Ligand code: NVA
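Before any questions on binding or motion, here is one chain by itself as structure tokens, the form predicted alone.
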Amino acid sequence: MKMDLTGRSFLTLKDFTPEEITYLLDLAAVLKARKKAGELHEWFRGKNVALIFEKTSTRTRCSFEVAAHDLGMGSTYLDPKGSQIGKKESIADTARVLGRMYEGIEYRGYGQEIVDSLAKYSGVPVWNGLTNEYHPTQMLADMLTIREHFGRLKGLKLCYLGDARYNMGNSYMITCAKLGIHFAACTNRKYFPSEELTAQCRGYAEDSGADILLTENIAEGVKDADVICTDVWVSMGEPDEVWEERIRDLTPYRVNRDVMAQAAPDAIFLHCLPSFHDLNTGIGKEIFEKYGLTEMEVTDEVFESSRSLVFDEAENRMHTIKAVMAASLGVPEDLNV
């Protein structure tokens, strides 16, 4: 279905209808096929985008830069020390300056109010690369990966294990509720999503036919799940002191062989990355030295298994981000989506 999303910012999937989300997935699939076939799609030559990263990232930065390049655009990367946003210059003033120079702005950082303000004052589309509350570009990548594997989304079941209070848990619940995917958050009760957001998502689920389950019981949460997801237990910017508490509370919800065995026989595993599944990272080694853990949110056995699609998922960040930027800036009229 052809849709015109020109000029729209991409801040949270709460702002998009199921049909609009599906259109972005369809557009991403078209753009992915074009890239694989070596077909140029430099529709926005002469345009430029600003990439603001108050929290650093491998996948998000590379995805936006490659996607912008493929679309013919230039990009300016602003690292945590590369701008005066919120320090010497207000967010509103920064937005109004960048909006005069760029056709679009990406923001990855802290509170959702920052990316909302950029969208309010810049006058150009703004794209949320991650905030504390939401991670919508990751959701499109995950949904594309799931759809590529199963051929559909509606009626599947996705179970998220771990800390479900922040961007990943929130965004999975929103996206699944909108698209008719049964959602389960399986974790210690203190890590459930907020009651307010859960109530809002139950409203979406009534329209789509999805179920929403919040449970501490692993067998109940993962039963018949087609997709098992998790994320790191401590997010960027949180103090080191929270590790001990998270390890105590969330180790029972580590994704391991037993968890996967209780899911559907053909269940897949997803993780937005980076993942602490071995000791090949600095943080992984520190945690081992302090707490004796060789694996955290997922075992190496599951991460490296054939059921793990984490690298397909990582690649799809770029294709779906490209779709978001293209849709916001206006895709060619003759593009067949």
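Given the structure is predicted, the values throughout are model-derived calculations rather than measurements. Throughout, we count residues from 1 along the sequence that is shown.
Omitted here: the form predicted in complex with norvaline (NVA). The next part is about that form.
Of the candidate stretches 96 to 104, 73 to 81, 111 to 119, 162 to 170, only 162 to 170 has residues with heavy atoms within 4.5 Å of norvaline (NVA) in the predicted bound form.
Proximity to norvaline (NVA) in the predicted bound form holds for all of L130, H135 and S235, with the criterion being a heavy atom within 4.5 Å.
A heavy atom within 4.5 Å of norvaline (NVA) in the predicted bound form is found for one listed residue only; from V66, L273, L279, V302, this is L273.
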